[in-house]
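Before any questions on binding or motion, here is one chain by itself as structure tokens, the form predicted on its own.
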Amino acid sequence: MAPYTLTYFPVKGRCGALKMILADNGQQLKENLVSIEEWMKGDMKGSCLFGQLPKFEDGDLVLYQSNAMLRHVGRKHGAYGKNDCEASLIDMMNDSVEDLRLKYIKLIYQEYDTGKGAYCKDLPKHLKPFESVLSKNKSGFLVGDQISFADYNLFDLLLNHKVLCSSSLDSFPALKSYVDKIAARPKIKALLECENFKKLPINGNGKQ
């Protein structure tokens, strides 16, 4: 079967979690890397539904919006809960991850030089709900007893925050062991150690 295809810039950006869930499920991914120069010409931008990347192809299905991609792959590969209630809780957790990711993106692209200190100081307030959920769920995952697409998304974002504020997880034992546990999954570990993945910058402006 033809692999999935991802068209995106040469950054981890919004596709780190997608690459993790695919790798963890043994799925191949064909990548089309787009340079900023090529993107600025405008032809490709004009061909994208919302004028933005990433673009994800699964056969004839073409998806934009990174969270839609995560949900699609989660649905196909058993990472969307065991029933409707779990699926709804996973949606809720993923929306919460997105809220934090938007704060992170705003810092990186708009306020890095002036706002990093305040952001790191404020971060525990935003991590506390995730710590609370993981402390109560003895499986070590956000919802139920198996990994979901929301877990890959949170894990990816927590890795970014460990780079941004190295001590960010020090007062959160459940989050700390969560990151260690997911990082130790053999196929995730292999991806994180893969040179092609390691060499990608986290963000497009070089700030992290």
Partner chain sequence: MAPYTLTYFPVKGRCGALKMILADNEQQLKENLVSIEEWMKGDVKGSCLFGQLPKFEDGDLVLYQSNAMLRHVGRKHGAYGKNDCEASLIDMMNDAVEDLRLKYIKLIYQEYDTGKEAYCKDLPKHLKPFESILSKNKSGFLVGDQISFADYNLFDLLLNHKVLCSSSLDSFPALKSYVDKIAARPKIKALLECENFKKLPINGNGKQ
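Numbering follows the first chain given and starts at 1. Everything quoted here is computed from the prediction, not taken from an experiment.
Keep in mind that the form predicted in complex with its partner chain is not shown, yet the notes after this line are about it.
Contact with its partner chain in the predicted bound form, judged as any non-hydrogen atom within 4.5 angstroms, is confined among 157 to 165, 35 to 43, 57 to 65, 170 to 178 to 57 to 65. Contact with its partner chain in the predicted bound form, judged by any heavy atom within 4.5 Å, is made by just one of S47, Q28, Q52, S139: Q52. Under a 4.5 angstroms non-hydrogen atom cutoff, its partner chain in the predicted bound form lacks A118 among its neighbouring residues. When contacts are judged by a 4.5 Å heavy atom cut-off, G78 does not count as touching its partner chain in the predicted bound form. When its partner chain is considered in the predicted bound form, S135 lies well away from it, no heavy atom lying within 4.5 Å. Mapping the unseen interface onto this chain, R101 falls outside it, with no heavy atom inside 4.5 Å of its partner chain in the predicted bound form. Shown here without its partner chain, the chain has R71, H72, R75, Y80, D84, C85, A87, S88 in 69 to 88 lying with a heavy atom within 4.5 Å of that partner in the predicted bound form.
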